[in-house]
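Just the one chain here, the form predicted on its own, laid out as structure tokens.
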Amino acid sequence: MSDFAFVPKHLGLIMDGNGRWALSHGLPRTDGHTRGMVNMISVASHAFDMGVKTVTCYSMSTENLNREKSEVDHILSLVIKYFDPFLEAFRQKRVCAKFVGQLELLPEEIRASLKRTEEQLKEFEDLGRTIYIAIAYGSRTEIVNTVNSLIEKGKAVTEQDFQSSLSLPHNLDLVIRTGGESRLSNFFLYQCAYAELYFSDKFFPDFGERELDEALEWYAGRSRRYGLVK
């Protein structure tokens, strides 16, 4: 458990820089995505150990699906290759898993694997700890689709109705982006309204437990005013 005064309830991870990490080591980009998958399990597990209740990882955006087919196929294949390590890691932590995004864009084999993972960790759903994996996800599309869905129901759209209808119905407290970029890249824009944003120059495969602790320490020193004066 964390020694920090404040730990975010909901942590977002934009895991950027996997391909560039591989190229910087003279390796194919696919090796970087493999290393990133392993690191995601490690970093998310450590976050739960530190007292975080919900971790949301940006695995693949809808825009990422337009990359070279071989790279996309490799990223998706990691879902199956690391099915058992992922399952075991979060079963030990008693964490349930949810996959969000335009999953219908994924191959049937991948969708089936994601569904099996959710089902096998469903027993922990009421314990209050969840890892969300955003795959084939884009926030703008989700917002438009959610609004249209509520309009079709024939009632006025309130903030409460809108947020509860999103695939991720919780506000983010802290969003960490690795890889040296300083933008959200269509990552849960509504839920990030008052999130603290932490940017790291490290490529994600090099962002480990120590780096996460540094980010959590930075968060603990923030004054979260939500537009008020304190």
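Because the structure is a prediction, the values reported are computed rather than measured. All residue numbers are counted from 1 along the displayed sequence.
Omitted here: the form predicted together with a small molecule. The next part is about that form.
Among the candidates 143, 87, 78, 103, the residue which, in the model of the complex, approaches the small molecule to within 4.5 Å (heavy atoms): It is 78.
Of 175, 52, 40, 168, the one that lies within 4.5 Å of the small molecule in the model of the complex (heavy atoms): Looking at the other structure, the residue within range turns out to be 40.
The small molecule contact at residue 62 in the model of the complex, heavy atom, 4.5 Å: Flag for residue 62 set to no.
Residue 20 within 4.5 Å of the small molecule in the model of the complex, heavy atoms: Residue-level check for residue 20: yes, a contact with the small molecule.
Any non-hydrogen atom of residue 67 within 4.5 angstroms of the small molecule in the model of the complex: Result yes; residue 67 sits at the interface with the small molecule in the model of the complex.
Interface membership of residue 118, the small molecule in the model of the complex, 4.5 Å heavy atom rule: Output for residue 118 is no: heavy atoms all beyond 4.5 Å of the small molecule.
Heavy atom contact within 4.5 Å of the small molecule in the model of the complex, the stretch among 43 to 51, 28 to 36, 187 to 195, 158 to 166: This holds for exactly one stretch, 28 to 36.
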